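One chain is shown next in structure tokens, namely the form predicted alone.
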């Protein structure tokens, strides 16, 4: 039975303008409601088209905690289907990815094709005469769509079109992709995986947090960044910084660094073929002013973008947040390569990824340690009821469809995330 304080009518009282109740992080029942009302209600990022270029290609992933297979069938169409045999629910595919025409259940041998259709049942004569294989294909996501190579799926038949869901976030996804002369990035170089004890929303918030960087990552900024760019992090996050905290709507959020050149922060050396690369970007884009903006902000170096609820574009990284339990989260970080560029360009991008986000890097281990300490505080401190989200509330400004603050340390983005959380967790909301 659902606790009455987590009913749709009661939930908004736990998210105020300037604070959020700790139970929304630690209570397992809240987590279960999130899986149903957020991850099964809206669009969720499931993969990139470069991971499944060819007919028969597939990858396994999750929508919330539900295991799914993202596949490209023999006609080239995309499918997202539950990774469980329709006979007894056995996991069909244990591999992370690959290419195959059929998925075969290891328990009773039922065979499904790359579109999820049931194509063979051993000893089918044992089934009743009315048995129809067409009725027992794999359970499919209601909607699958892609934008600039980024594939999203939803179990909600009534979910709005993907472009409407993305809203203002779409132009930043496009900017991230257009740094490649082909107009599309590639994630085939591999993935950095890490897990932490804690809630999925901790990583969501951290990705949009301009307040912690100079403190949590001070050793990097004081010892490494100073030598690379000749100034410390104070110039980036000070009160006079041109960076902004932005709530784009629909939970999508932004740390906007477009007025600040961050290119030298991760990796000091720029590839010698950079001029040719930029000329390729200009040739691909008819709008010259837009091409110059794409080059100037260097794709994701110009912003941290959250596409709510589980996708982050940051620097040259595609970050995917996967809830496992209320107290267990997995994060997948893919360095995004560029197509149609010299190899040294992509080598530099991978080295930059390793520099700050690898397992022995300057940045990611700091954040994971903070997640652990935050979870210890949240889970063991029931007397502390409320968490503060009031920074910059007094100077938050409103634009067309968005809210923003000229201070990167403000929590405007976080307040936008929680407004969307309330909308999706309330049954009456239009999704």
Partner chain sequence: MNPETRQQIEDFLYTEARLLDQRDYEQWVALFAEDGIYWIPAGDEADPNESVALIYDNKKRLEERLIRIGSNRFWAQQPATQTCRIVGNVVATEAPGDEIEVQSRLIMTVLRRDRKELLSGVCDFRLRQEDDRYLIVNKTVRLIEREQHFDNLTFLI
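Since the structure is predicted, the reported quantities are computational estimates derived from the model, not experimental observations. Numbering follows the first chain given and starts at 1.
Keep in mind the form predicted together with its partner chain is missing from the figure; the text below concerns it.
Contact check for residue 39: no non-hydrogen atom falls within 4.5 Å of its partner chain in the predicted complex.
When its partner chain is considered in the predicted complex, residue 365 lines it closely, a heavy atom lying within 4.5 Å. The shortest heavy atom separation between residue 376 and its partner chain in the predicted complex is within 4.5 Å. In the predicted complex, its partner chain lies farther than 4.5 Å from every heavy atom of residue 282. Taken together, 302, 306 and 387 are entirely out of contact with its partner chain in the predicted complex: none brings a heavy atom within 4.5 Å.
Contact with its partner chain in the predicted complex, defined as a heavy atom within 4.5 Å, holds for exactly one of 122, 98, 161, 190, namely 190. Taking a 4.5 Å heavy atom cutoff to its partner chain in the predicted complex, the contact residue among 195, 340, 74, 273 is 195. In short, of 162 to 170, 309 to 317, 283 to 291, 328 to 336 it is 328 to 336 that has heavy atoms within 4.5 Å of its partner chain in the predicted complex. Using a 4.5 Å cut-off on any heavy atom, the residues of 334 to 360 that reach its partner chain in the predicted complex are, in sequence order, 335, 343, 347, 350, 351, 353, 354, 355, 359, 360.
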